[in-house]
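We begin with a single chain expressed as structure tokens, specifically the form predicted alone.
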């Protein structure tokens, strides 16, 4: 596997060497894995925002931190001007930071936030992302409103919201905070809640479908709502619900996700997904490139960018609720 990973990196390097990079900034962008729905949308946003001004070379981390580290080595050897890094393991950033610092190549981390200690270890490190607790809070508030406005949502009439929770990758800050704050928002809205089951779906649709099918077998109609840390897992849960004849007649189940991916918006339009929360891939992708580009100037001025910096290093892109009332506003985005 190591040899295969090295070969892929070598092929990427050859591709970069053959490209027309004369007079352009060269940015190496490494993603934790290419086939993640949200991360692929960030990549597309970067390519659209770039408009061929800089040379962008994307590397697939394949969910393997050593593979991502090898990509960084290749970018450094090839003399890239800046690095955009979506960590495989957010706690392992110190190795990458050490390599970049030695080569004096700035890094903009995104989506997966390194520890505060790592971020403070060098002055040429930045982070672009969204506050995961905000998405959890919004998700919980939407579900609380639904439960209060629809008495039939309390299927057993016990005054308690019984829910199941599909969580993302263990240890990922988004999974931890979305889970915690969605439930906190329900309680802050005055609801009594009971978690019937929770398990990681690793952000994947197929896992969401499998977990939901198992929970339906175990709990059946006792489940009154589904909370998922992202849209892919929510859409997987919906497939399992469809197989049990939900979304037909009065047989309803509110399923809520996060990201507002294109498939999720389609599901909202069709009346399956109840709500999601926009994780702004366009905002994040453009901010990463804007920062990397500004840092190439002789006298960089980050204050000239259309982004607000917190503690000089962090750019936080706000989340937005997406429901039946406003999903059309996001269909082209």
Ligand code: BGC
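Owing to the predicted nature of the structure, the values given are computational and were not obtained by experimental measurement. Positions refer to the first chain, counted from 1.
Although not depicted, the form predicted together with beta-D-glucopyranose (BGC) is the subject of the following passage.
Only one listed stretch (111 to 119, 190 to 198, 152 to 160, 234 to 242) carries heavy atoms within 4.5 Å of beta-D-glucopyranose (BGC) in the predicted bound form, and that stretch is 111 to 119.
Using a 4.5 Å cut-off to beta-D-glucopyranose (BGC) in the predicted bound form, each of 38, 178 and 230 places a heavy atom inside that distance. Residue 75 falls outside the set of residues with a heavy atom inside 4.5 Å of beta-D-glucopyranose (BGC) in the predicted bound form.
In the predicted bound form, at least one heavy atom of residue 172 sits within 4.5 Å of beta-D-glucopyranose (BGC). Under a 4.5 angstroms non-hydrogen atom cutoff, beta-D-glucopyranose (BGC) in the predicted bound form has residue 279 among its neighbouring residues. By the criterion of a heavy atom within 4.5 Å, residue 274 is excluded from the residues contacting beta-D-glucopyranose (BGC) in the predicted bound form. Interface residues of 48 to 76, taken as those with a heavy atom within 4.5 Å of beta-D-glucopyranose (BGC) in the predicted bound form (partner not displayed), are absent.
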